Structure formats: structure tokens, C-alpha cells
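Before any questions on binding or motion, here is one chain by itself as C-alpha cells, the form predicted alone.
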Amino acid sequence: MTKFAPMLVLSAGLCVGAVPALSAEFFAIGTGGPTGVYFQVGNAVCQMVHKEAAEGRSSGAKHGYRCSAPSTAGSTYNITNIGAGELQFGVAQSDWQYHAVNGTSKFEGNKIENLRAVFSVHPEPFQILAGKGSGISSWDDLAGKRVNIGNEGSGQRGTFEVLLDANDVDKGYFSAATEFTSSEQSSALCNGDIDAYGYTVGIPNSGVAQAADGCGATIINLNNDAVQKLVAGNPFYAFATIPKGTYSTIAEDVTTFGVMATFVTSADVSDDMVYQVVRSVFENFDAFRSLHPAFANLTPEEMLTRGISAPFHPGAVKYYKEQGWM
């Protein structure tokens, strides 16, 4: 099994509320920080898998699979560990899925040949939060400020590095470039340890709310010439709007750019396991969508088309063909 195996037994047991059958087959889903939506995605999938198994009840697939969705470093970490067989599934930004299967950007010379798509999930705007009183209202205002660019292995760190490159600057553009995780950065901002941070995450998000509603942070517009060129030149990026009122400090719509959250696996994972995971989500789709506001407007059609770069796993294809979706 994987290094997550001890956690899998405990977490799976807690999710179903009973000791799982000894014959159960466990798998791990890589997510992100515990306050992020990736963590919610992974645990929502596990909840549907456990619900559909239904041992001891009159309905359900009784497929025997159990899963855990531990907090991880994020997108590129998840993809790399799926490629290495340390994780069976993971959540990743659509841009890092693209780079992994094409061997570009951080994956240059390290193409993940066995990466496979399962479905996409919610849109994820890249958001730069500026502390109250920081004087930051645009990208240019970040010069000379203390900015959290995220931990190594996270999608937000990767996107921030892409954004720096697009603006022809490096980390020296800031007076300090910190590496707090997604679960640490809002506290750091509210405590005055940093002036701003970047975060790729679905909306609404509890971590962002902690900074915006809790200590008056604002989200700046990101639509300068560099971002315009970035979006125009990359099919996995799109402009996104954060509606006014999403958080208490968002008095006007905010324009930024973003990606899709995607759910991925390995070609080495069995067809039956992937089929049962997909079946569990879509046979309980209303329940799945109810688990987080970012999932509320999901549709099967968009989940099979938006942000997908890797080939679909055959187990997912089997279910989609059964439904007439593919």
C-alpha cells in the first residue's frame, strides 16, 4: 500500500461510522490544504464512495472500496505522486494537468505518461488578497511588499511563478516572498506578517473568508496586459469574475483569471476502481453537489469537457458511455 495506509483505515472507518469490512480495498486521494476546496472535493468523493458501498443495507453497489482524502501539498504534488503510484487519485489545477501530460513548465523532462483524467470539478479563480491598510489595489502595488507565494508543490505556488514570469519579474520584485501553506496564509495576513497572498481556489472559501470577513482583506483585480496575454496564449486559463458580496469587503465585481479543478488518476489504477468511483459520484450527484457551494452549479456535460487535457481513464469512459454522455 502507500505511505498513507495507516491514515486510510482510520479515516475510512470514521467516514462510514463503522469498522470497514476486512475485504475492503483502500485507496488514497491527494487533496490540498485543510481549509481549501480541494480537501472538500476529495472528502466529498470519499463520502459518495462509502455511501454507495452500503454494506449491511438493502441498497447500494457493495463494491468494497474504501478511501481516504488526506491533506497534501496540492496540485503538482498530487500529480507527481499519482505518477509514482503513491496516490491513486488526486485533485489538480487544469493547467498542471496540461503541463504534466505535455511535459512542459515544471514537468519539462518529467512528463507523467500514466496520468489519466476522471472529471473536472469547479472553476478556480486566482485571487490575490491584500491586507487592510497595505495600500495594495493592483499588481503594480505589490512591488516591495511582503507576499506569500505558497508552498512548493502547491498549484498556487506554480500559478504565482507563472504570473511573475508573465510580468517579467522574479521573487525579488517583493521585499519578501514567503512560503506559508494555504491553511497558514490567512492568519499570517491578519497578524501582519505579510501584506498579501495569492490563492487559486473555488469560491466561496473559508480561508479567504477568514482574511476578508475576519480582518478586512480585499481581492485585487488581475487584468493587466500581462494577464491578458497569459489568458490569450493558454487554453487552460480563462478570465473569471468574483461577484460583489461574495465576501464582506468585495463591494464591486473583481476580475481575475483562473483554471478548473480537475480529478485525475493513473493508468495503473484498475478500471473497476475508477468506474466505481465515477459511478458513486454521479449516481449520488445531487448529494455530491450539496456538499460545498462551489459544487452547486456542476453539470455532467461540463465536468467531461472543461479543463481536460489528459486522456480519460477507461474505467471513467465505461460509465460515461453507459450514460450516453460520451
Ligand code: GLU
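These figures come from a predicted structure and were not determined experimentally. The numbering used is simple: start at 1 and walk along the sequence shown.
Heads up, the form predicted in complex with the ligand isn't pictured, but that's what we're talking about next.
Visitor: Which one of I29, V264, V37, V49 is close to the ligand in the predicted bound form, taking close to mean a heavy atom within 4.5 Å?
Guide: Contact check passes for V37.
Visitor: Looking at 198 to 206, 166 to 174, 244 to 252, 105 to 113, which one sits within 4.5 Å of the ligand in the predicted bound form if you count heavy atoms only?
Guide: Heavy-atom contact with the partner occurs in 198 to 206.
Visitor: Examine G33 and determine whether its closest non-hydrogen atom to the ligand in the predicted bound form is within 4.5 angstroms.
Guide: G33: contacts the ligand in the predicted bound form.
Visitor: I'd like to know if N148 sits close to the ligand in the predicted bound form, meaning any non-hydrogen atom pair within 4.5 angstroms.
Guide: Result no; N148 lies far from the ligand in the predicted bound form.
Visitor: Does V227 make contact with the ligand in the predicted bound form, using a 4.5 Å heavy atom cut-off?
Guide: No, no contact at 4.5 Å.
Visitor: Using heavy atoms and a 4.5 Å limit, would one call S154 a contact residue for the ligand in the predicted bound form?
Guide: Residue-level check for S154: yes, a contact with the ligand.
Visitor: Using a 4.5 Å cut-off on heavy atoms, which residues of 63 to 93 contact the ligand in the predicted bound form?
Guide: The stretch 63 to 93, when checked against the ligand in the predicted bound form, contributes A73, G74, S75, Q93 at the 4.5 Å heavy-atom cut-off.
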